[in-house]
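First comes one chain, alone, set out as structure tokens in the form predicted alone.
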């Protein structure tokens, strides 16, 4: 049966349950309602970590007061007093700066060498065998165990410290970097080769971005290894190039039986670790793997 309706008279049929309804001002306000302040704060990782730190500080203070022996375990208040005193007289800033200078040099050299070794490893089977063999040999070896050799080869000074730091960083970063490269899918590799990526361009433009979560994990591990190795090395022989570092500050005050100052040095070591992990690496994560959707926040 023919219809006399014009083409423009037809309209799509919309089922009633799918029709748009007016939410009204009240419902819109509910949807747009801001979270309570307590819930907003609790959703913040920084706030939760701050609470944890405050809880640990409270436990520290309570135990120190209960023990009542500053020579063995000073209270949190006594430690903070020693910390502020040594910051005010410039001792801790100078020692910390000396330690960080050595750390940065060793860390950068270690990361560069790790990148070179990993690039060689992904370029040939022989390179892969070389890296896996060296990693199996040196990664389990504590870097501080090489300190006697470093002293024989380089003497008492910064080069010895740099040597042990490089050894602590190199293998951890190289292992994670190589593992990340191996996890890059074959489809992505073939796509990169189709676009003409070869050699260093293949590594820099394809493998590194694709494997960056593993690389970043390696950088974190390398940083932690380097930091604790350097503090331990300074505790062993301390002064490098006429200037003691943070580890030597701890050792000196231990000999002077100034336990609050020893704890102040340890607190500085932990504070630097928290800053690097919570600020520097967090910033890198937010600008890379989280921004790219490769890691959850």
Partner chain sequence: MSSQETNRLDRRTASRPAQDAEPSALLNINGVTLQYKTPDHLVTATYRVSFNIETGDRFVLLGPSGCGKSTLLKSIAGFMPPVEGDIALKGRKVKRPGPDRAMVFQEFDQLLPWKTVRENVAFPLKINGIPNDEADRRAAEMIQKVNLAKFLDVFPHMLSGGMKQRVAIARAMAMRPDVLLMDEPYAALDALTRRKMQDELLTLWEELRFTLVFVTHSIEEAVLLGTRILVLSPHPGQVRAEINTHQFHSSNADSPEFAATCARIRGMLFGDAATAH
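Source: prediction; values computed, not measured. Positions refer to the first chain, counted from 1.
Not pictured, yet referred to below: the form predicted in complex with its partner chain.
- Each of 191, 210 and 293 is positioned with at least one heavy atom within 4.5 Å of its partner chain in the predicted bound form.
- Using a 4.5 Å cutoff between non-hydrogen atoms, residue 187 counts as a contact of its partner chain in the predicted bound form.
- When its partner chain is considered in the predicted bound form, residue 201 lines it closely, a heavy atom lying within 4.5 Å.
- Residue contact check for residue 197: one or more of its heavy atoms lie within 4.5 Å of its partner chain in the predicted bound form.
- Interface membership of residue 205, defined by any non-hydrogen atom within 4.5 Å of its partner chain in the predicted bound form, is confirmed.
- For its partner chain in the predicted bound form, the listed stretch (127-135, 179-187, 94-102, 153-161) containing residues with heavy atoms inside 4.5 Å is 179-187.
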